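Listed next as C-alpha cells is one chain, alone, in the form predicted on its own.
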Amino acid sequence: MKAWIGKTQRNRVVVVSGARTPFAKAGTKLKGCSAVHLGVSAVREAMARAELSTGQVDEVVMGNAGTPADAANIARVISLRAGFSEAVPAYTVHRNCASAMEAVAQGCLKIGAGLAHTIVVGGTESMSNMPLIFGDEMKELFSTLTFAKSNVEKLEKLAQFRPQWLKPVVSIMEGLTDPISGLNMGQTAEILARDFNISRQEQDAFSVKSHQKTVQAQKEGRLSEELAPMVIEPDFDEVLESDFGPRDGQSMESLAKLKPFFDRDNGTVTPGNACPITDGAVALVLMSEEKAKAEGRNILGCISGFTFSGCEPKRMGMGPIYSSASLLDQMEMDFSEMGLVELNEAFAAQVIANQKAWSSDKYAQEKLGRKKALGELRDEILNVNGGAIALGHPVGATGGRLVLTLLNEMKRKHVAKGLATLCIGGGQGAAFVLERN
C-alpha cells in the first residue's frame, strides 16, 4: 500500500493535545463504564487540554472494535454527549487492533487534503461489556415464542427446550479468532514462538520487564501526563486516577506458575506473558500546522507519515515489521533515525519475534524484499514506559495510546523522530512516523 507522507500533502498535520482514560483489566475497576462514557471522558479532556471549544472542531472520528448494540455509530454518540453541536459530523472506524490508528489516519487524510483544519480522533473499548450471545437453537426458540399465534404453539416449542441451549457464545472470543486461519490471537503467537525459537523463559522475562518499566513510569509520573482521571460509572462515587493492571513486584517465579492457555500440552504463551483484555479510551486533537501556529497552540508533534500493510493471517503478529519497512522505505528513511519506538505488546512472543526479524538479513530478503535488515530494535528505545502486557490492550483504543505515549516521551527525551507500530488481528500491520522540531 502506498504510504501517506505529510510533506507531500497540502497541509502538514500536527497533534496539539491528547488524553486517555486509565486502562483497567476487564471485569475490574471500569467494568461498569460503557464504551461511550470512556470515550466521552477522553474526548472532553483532550479538548480541555487543547483549550478548544466544540465549535472549533470540524469532525470527530473514533475507533471501536466491539460495537455496542445501543451505540452503533459510537463516535456520533460520544461527540454529542461530549457537548459537540449536532452540526459537527462524526463517524466510527474499525480496523481491529488499529482502529484508533485508523481514526488518526482519517484525520490526516482530511486535514492533509485541506478538507478540514481541526479533527478530534481516538478510540474507545469496553471489553468488559462485550456481550454473551445465545446459540441458534435458543434464538429460534425466542423467535417462535414471539411470533406464535397460539398458546398451544408456544407450549409445543417450549417442550423442545434443552438446558444446553443456554450455553452462550462468548463474543469476545469470537472476535479474537480469525475466521480465515481459524486461529485465535494467542494461537498465532504460539506459531511465532516456534518460528523464532522463543522460549517460555524469554517471554516471561520480557513480561516482567514490561511491568517493571510501567510501574517505574507510574512512580515517576510519566504516565500521569497522558491520563485523564475519570469518575466511574454507574454509581459515580469513585475516581480512577491511574492504570489498574501493572503489577509492582511481578516476578519470574509467579509467572512460572501459570499454565499455557492456548496450547495446553506444548505451548509457551500464558495469561502472564500476553496482554490482558482491557477497558479504556483515548483522544487526540489534530490540526493543520498552519492553523495551530496561527492560533499560538502548543504542538506535541507532527505526523510525518503512515501506512498499513498486510501479512499472513496466522502470523499476524509480524505486522509491525511489514508496515514499518514499507513506511520507512517509502519515506526514504533509515530505521536508525528513530530515537524511540512504541510497538504494541499483544504477546511477549510477538514482540520478541519482531525484534529478531528486525535485525535479520535473511528475514528481510525472504519476507520484505529488502537486501538488508531494518536494523536493531534495541530494548533501550523500545516501549521505554512498558507496554500492553502491563497496561492492557483495549482493542479500539490502543493505537491512539501508542501515538500519545510516543509523542510525550519524545518531548521528555528531546527525540526528533519516533515510530509507533502494531500488529492487527487478521494479518495486518500499521506504522506511523512522528516528528518533533
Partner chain sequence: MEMTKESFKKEMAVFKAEFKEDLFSVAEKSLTLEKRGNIGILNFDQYQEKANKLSTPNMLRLMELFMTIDEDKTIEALVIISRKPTIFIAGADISEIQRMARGEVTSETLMKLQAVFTYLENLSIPTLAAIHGACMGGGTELALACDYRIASDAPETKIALPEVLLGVLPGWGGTQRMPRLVGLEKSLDLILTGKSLDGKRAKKVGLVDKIAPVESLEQKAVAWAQELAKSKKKRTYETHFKDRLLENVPGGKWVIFDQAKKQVMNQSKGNYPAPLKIIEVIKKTYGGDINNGLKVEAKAFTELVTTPESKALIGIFYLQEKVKKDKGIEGKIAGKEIKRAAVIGAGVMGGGIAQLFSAKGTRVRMKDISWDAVAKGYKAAYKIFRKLLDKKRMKPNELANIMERIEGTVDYSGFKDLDLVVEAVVESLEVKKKIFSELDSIVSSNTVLATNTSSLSITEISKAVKDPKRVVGMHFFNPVDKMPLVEVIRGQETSDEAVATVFQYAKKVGKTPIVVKDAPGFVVNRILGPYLNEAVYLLLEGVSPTRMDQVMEKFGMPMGPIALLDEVGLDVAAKVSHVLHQAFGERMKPPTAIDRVAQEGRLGKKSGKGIYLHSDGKRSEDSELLSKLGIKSSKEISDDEIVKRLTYVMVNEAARILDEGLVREVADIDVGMIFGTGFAPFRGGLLRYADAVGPDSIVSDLDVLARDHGTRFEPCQFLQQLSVENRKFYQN
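Positions refer to the first chain, counted from 1. Keep in mind it's a predicted model, so treat the numbers as computed, not measured.
Omitted from view is the form predicted in complex with its partner chain, to which the following refers.
Next on the checklist: Give me the residue from 153, 241, 174, 195 that has a heavy atom within 4.5 Å of its partner chain in the model of the complex.
Outcome noted: Checking each option against its partner chain in the model of the complex, the one that comes within 4.5 Å is 241.
Next on the checklist: Quick check on this chain: which one of 310, 271, 83, 114 has a heavy atom within 4.5 Å of its partner chain in the model of the complex?
Outcome noted: The option sitting close enough to the partner is 83.
Checklist entry - Out of the stretches listed (394-402, 32-40, 58-66, 373-381), which one is close to its partner chain in the model of the complex, meaning heavy atoms within 4.5 Å? => result Among the listed stretches, the partner-contacting one is 32-40.
Checklist entry - So in the model of the complex, does any heavy atom of residue 131 sit within 4.5 Å of its partner chain? => result Outside the cut-off, so no.
Next on the checklist: When the contact criterion is heavy atoms within 4.5 Å, does residue 136 count as touching its partner chain in the model of the complex?
Outcome noted: The answer is no: residue 136 has no heavy atom within 4.5 Å of its partner chain.
Item to check | Contact label in the model of the complex: residue 231 to its partner chain, heavy atom within 4.5 Å | outcome: Answer yes; at least one heavy atom of residue 231 falls within 4.5 Å of its partner chain in the model of the complex.
Checklist entry - Does residue 235 make contact with its partner chain in the model of the complex, using a 4.5 Å heavy atom cut-off? => result Taking the distances in the model of the complex, the answer for residue 235 is yes, it comes within 4.5 Å of its partner chain.
Checklist entry - Does anything in 207-227 come within 4.5 Å of its partner chain in the model of the complex by heavy atoms, and if so which residues, in order? => result Heavy-atom contacts to its partner chain in the model of the complex: nothing from 207-227.
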